[in-house]
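Alright, here's a single protein chain in two forms, structure 1 and structure 2, each given by itself as structure tokens.
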Structure 1
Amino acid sequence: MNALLASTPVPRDLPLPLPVPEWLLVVCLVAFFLVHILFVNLMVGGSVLVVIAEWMGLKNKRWDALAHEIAQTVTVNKSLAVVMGIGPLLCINLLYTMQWYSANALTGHAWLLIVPLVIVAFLLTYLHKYTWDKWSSGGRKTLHLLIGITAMLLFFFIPLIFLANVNLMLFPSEWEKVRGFFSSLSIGNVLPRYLHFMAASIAMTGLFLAGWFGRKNADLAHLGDFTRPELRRLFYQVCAYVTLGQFVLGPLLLFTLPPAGITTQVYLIIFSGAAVGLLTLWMLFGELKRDDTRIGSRYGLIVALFSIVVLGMGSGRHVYREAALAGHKAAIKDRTERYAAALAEFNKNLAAAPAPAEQTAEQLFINCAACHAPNVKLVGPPLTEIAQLYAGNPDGIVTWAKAPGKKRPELPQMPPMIHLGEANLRKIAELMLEKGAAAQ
């Protein structure tokens, strides 16, 4: 706790236990997140490759056909990206309740914008896909390309909102500096994270498309003169060169991470992952050197190796997060327990305290005093007026208070007071008449 700065907010946790063991949630979080991010990668990377290929297709039609085929995968992957995102969101909500919701609130406008932005992006990808043949020449083709570009730009921006949250939740000591989404981008290392993610999106999409178009039963009829080996080679290249770039972006991300969560373990996991990554890259370039008959024969192995790399990076990420938040979590636990203890003792004493004596008329009158003053009209008529109306008739007040009507157009209707009980209402009525008479 001493490690925390004075300005670090230490909230109390929700007083409910986790529904499943913490380790299970951690396993689920890491695994579900990787599945989610895979489809996000394919959605984002796909939208980029579609635009590039369509643009190249303006000169050479074969690229246009390829762009159209890639677009067919984007609309499927985007639906899977959304639906597979719910699981990790569920886990992170449970594991990091206090940090996650706080980051959401601090970037609230952007967080809320996710909903309309994703809807628009999705509708645009459908529009782009289903108008491909209709809007294929002249100004319409330009419009078509612009729709693709707009969807792509939206897909560029939306991940930044999530990244800002994932990043901000790690640094509670910085929360006090945040004034909205854009200012949260200057905390931690959002930009290197973002670049790393974007590169991964393109690399993963390259790998996916190499397998997608390269598979034995792929229908290449719409792809003009593209051959299967040619497509394999093309997307292997995309994957290989972008992954090579990751060896610059990866270290940039790692070495700009705030020291809060850096441990030997983090370095160990990340460097092991990077070593497997290097092996994968070597295999990829090896594949690229093969001739057309044999390119793609190691696809399964490469995918397996990539999965190990991704799992390593995902685990390293979690270990960093745990280390960065260890102090904060401990402080929260401590404060939550102290609060619970004080609360329990208070409630114990409260229960042990002698039952409150029957309320006096004066105490009961507090229920009425907010609206009825002795001489002046507050919300309802003053007591002097009531005393005149009901002189010698306290039961009249009781009857009225149980089910008030509306007599005075200038005043709001009185709410029923039947819950106080007849005996209490009678006591109040007598006191009212007394007070009203005295004030006259």
Structure 2
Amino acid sequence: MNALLASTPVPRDLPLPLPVPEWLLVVCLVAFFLVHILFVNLMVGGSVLVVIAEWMGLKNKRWDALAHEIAQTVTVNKSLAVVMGIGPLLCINLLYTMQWYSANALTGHAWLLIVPLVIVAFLLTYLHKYTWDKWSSGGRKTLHLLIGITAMLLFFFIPLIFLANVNLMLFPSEWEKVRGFFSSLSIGNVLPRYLHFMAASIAMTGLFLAGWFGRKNADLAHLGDFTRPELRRLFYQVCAYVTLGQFVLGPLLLFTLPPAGITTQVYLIIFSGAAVGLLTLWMLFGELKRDDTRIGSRYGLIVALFSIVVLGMGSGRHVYREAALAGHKAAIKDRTERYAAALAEFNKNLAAAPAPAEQTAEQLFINCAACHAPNVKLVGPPLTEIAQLYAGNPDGIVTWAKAPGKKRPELPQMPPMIHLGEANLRKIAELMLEKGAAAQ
């Protein structure tokens, strides 16, 4: 570990107190992140299902009507995803300031592009939603579908930027290898995590839509011949088969997980979550075997089991993050404490040192002599000219020296000399007027 940290950038922190206890920030981070990622899942997964259903609707209008209805949920979920993202962002800024901002800086342009990409994606989503009927009947259906695909692809790319940043902050020892966003994708196991996220988005959206269209007060009249049991079964199938695929992607994610944060506790959380996931999957396929009158009766239980799995994933992610960054956080704390001790010692010695002897006007004028000669123009005007401009007005010289402007285009602007102090500047001004008058 010591050898690893020796080659790792270790910034110095500012020893400022947290606004609330650290444990409360951790709880808020996990809870807020899970709520945020739920709506991100529904936004991303919803955009996928909208595009698929609209494409199927080119041959069968019933699917186009279903796609339009799903699109109504995407715009709501994307707004909630943005609003609910503020909480975890604030928490991670406070808990992992050094690592988070370092990762942001290393991914550079991609990180800065998030806001404009989000704006474009949202505008395209609204355009896609509100032009549905007009463009579908106006011979522009292909263009309408392409707009939906473009918005979907943007929704695919934006989470990848976030994921790359969150992943990169876990591995400070790899920071020096990063040369922008795309090189950061080779750090850790970004791509397996991304595939797992995408599959989770579709599965969660399937489960959500099974409940959304399966609720008793759902208005299905404009969905043609789709029935409530049929829609429940359809989206249960989406959820069940994609969740089954997660049991392939899950081991891939686990086996590619860098060992930096692997602990026994992480394994216990992962395998406990997998066990609950298997039970959830068994119940999902059991629901699919039920007849139309009974399908959906276990929806609440399935949602509860999914919630346990998701909570386990969120907790496991935080445990892994803490273990991966433990050494780096300790190194930052040690460097910060050593710097504070050195600064305190310096201030102590400075306070105990005798006051420096007062400098004479001649000694102080050394700061000005390189630019101002008695009667020869160097970088600045000669003292004879200064004496004529400020005759009997040393305070005018002091004012100018503290905040000089630029009067002569052929000469460079004088740097401010306020660091010398007003009393010393007054000595220099009086000497300049005396020398300038004598040289005339």
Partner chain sequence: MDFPSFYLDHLAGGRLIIGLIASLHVLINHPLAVGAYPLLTWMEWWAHKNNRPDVDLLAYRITFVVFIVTTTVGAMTGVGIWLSTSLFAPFAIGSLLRVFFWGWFAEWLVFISEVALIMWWFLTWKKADTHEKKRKHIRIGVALSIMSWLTMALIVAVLGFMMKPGEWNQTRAFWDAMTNPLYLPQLGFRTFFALMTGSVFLWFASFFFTKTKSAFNPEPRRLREWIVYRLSHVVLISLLGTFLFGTWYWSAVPETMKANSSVALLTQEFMSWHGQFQTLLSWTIIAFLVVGIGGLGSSFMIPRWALLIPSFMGIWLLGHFERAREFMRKPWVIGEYMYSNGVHKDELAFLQSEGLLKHATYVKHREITEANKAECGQDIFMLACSRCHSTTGLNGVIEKFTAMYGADGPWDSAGMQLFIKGMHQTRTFMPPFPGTDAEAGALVAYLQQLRASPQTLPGAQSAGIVIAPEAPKPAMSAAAQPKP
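In this text, the rigid core denotes the largest set of C-alpha atoms whose superposition between the two forms falls within 1.5 Å. Just so we're on the same page, residue numbers count up from 1 along structure 1's sequence. Everything quoted here is computed from the prediction, not taken from an experiment.
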- Query: The form predicted in complex with the partner chain: 1 or 2?
  - Reply: 1
- Message: Relative to the superposed rigid core, does L281 relocate between structure 1 and structure 2 - that is, does its Cα move 2 Å or more?
- Response: no
- Task: Superpose on the rigid core, then tell me if the C-alpha of K59 is displaced by 2 angstroms or more between structure 1 and structure 2.
- Result: no
- Align on the rigid core first; then say whether the Cα of H372 has moved by at least 2 Å between structure 1 and structure 2. yes
- Note on the structure: Using a rigid core superposition, the C-alpha offset of E385 between structure 1 and structure 2 in Å is 3.7
